[in-house]
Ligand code: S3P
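A lone chain, given as structure tokens: the form predicted alone.
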């Protein structure tokens, strides 16, 4: 088991960071969406993490030709995806598995999707059931609710589906299926989830329209989409760990360069701003996505906050936000976040277990938790193979030295995380 020790920062820091990991969600989508074109897509600043590389290798197994020069990727699809001669390994990526399930349900052939031991325990019924309802033939463990998933792709019917959960992965899977359906399809969720899929596919020439009554209208493709020509922006979810470090360390600041400023991706920064951090958003361009810089400065002691809205927009950042809550004045409350239970770990229990080891009081609920702010104490914390839990407690180490167990998982999403953190704290 790989263990890392992070030692308390010896002095305030002021960083300008242009090496935040490229956006994981967009990197996955670049690979998968490029398969909907018949021309070469060009992707700069692709995330070279284990999960996104798994998606890239799957594209090759489906017949695409891939050229790589470090983080510069060129993907030329085969004319019609081919049936692979082996299983398709998504690694630890729920995004990869769920989006590929939507894509491959409408493609003739047999496809088997699997992943690591953690991914094989994450719920897949949320995409399997609606895909089955429109004609997809999918089986798997526990009647298709767990991977490996076996997909026999073919013709799909149009649909009108209201999702019981706000999930960008479920929405994206159904959109990809709808692009191959026999007529217009409609999708709705009560709370808008992250919208990279709609933005990127429309930028490639798809016809996906958000209607006034809250439904998404998805028109099937009549011809291949235009290829992507994109530079993947820095990942605000990755950058948020260092935003928290800046907000909790006196006299410190950081500027995160070239980050996506998509409103559905910076909600956690808005919450941190509400807690008292000095945060500024500086937009520079807007083609597929709004992109710019985020400035975060320490602005005194943080105050407690209640988080109950737009949970789908900050679900990935809640572990790091919990570290800010742990040192804020008062009782912070997180509600409507049951989705945390089915991430790479049960993040409600793993985060609170870690905070309790650090001397922070908390109350656990089925859909969230309360954190009573106090003083973090040094501790040894197990990440349970969850990259965001590991990185969150590494950030806690900026205030009080921490030992984090099982940190190899960080390589799935942010390979240079500890390299950046070493500019703030000593790491062993």
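Treat the numbers as computed from the prediction; the structure is a model and nothing was measured. Numbering follows the first chain given and starts at 1.
Missing here is the form predicted together with shikimate-3-phosphate; even so, the following discussion is about that form.
4.5 Å heavy atom contact, residue 158 to shikimate-3-phosphate in the model of the complex: Although shikimate-3-phosphate is absent here, residue 158 would stay clear of it in the model of the complex, with no heavy atoms inside 4.5 Å.
Touches shikimate-3-phosphate in the model of the complex: residue 246 (any heavy atom, 4.5 Å): Output for residue 246 is no: heavy atoms all beyond 4.5 Å of shikimate-3-phosphate.
shikimate-3-phosphate contact in the model of the complex: residue 169, any heavy atom under 4.5 Å: It does: once shikimate-3-phosphate is placed as it appears in the model of the complex, residue 169 has a heavy atom within 4.5 Å of it.
4.5 Å heavy atom contact, residue 273 to shikimate-3-phosphate in the model of the complex: No.
One residue of 126, 199, 120, 257 in contact with shikimate-3-phosphate, assessed in the model of the complex (non-hydrogen atom, 4.5 angstroms): Checked against the cut-off, the match is 126.
Listed residue (310, 114, 163, 95) with a non-hydrogen atom within 4.5 angstroms of shikimate-3-phosphate in the model of the complex: Exactly one listed residue reaches within 4.5 Å, namely 95.
Partner-facing stretch of 312 to 320, 141 to 149, 286 to 294, 249 to 257, counted where any non-hydrogen atom is within 4.5 angstroms of shikimate-3-phosphate in the model of the complex: Of the options given, it is 312 to 320.
Any residue of 185 to 200 that, in the model of the complex, places a heavy atom within 4.5 Å of shikimate-3-phosphate: Heavy-atom contacts to shikimate-3-phosphate in the model of the complex: only 194.
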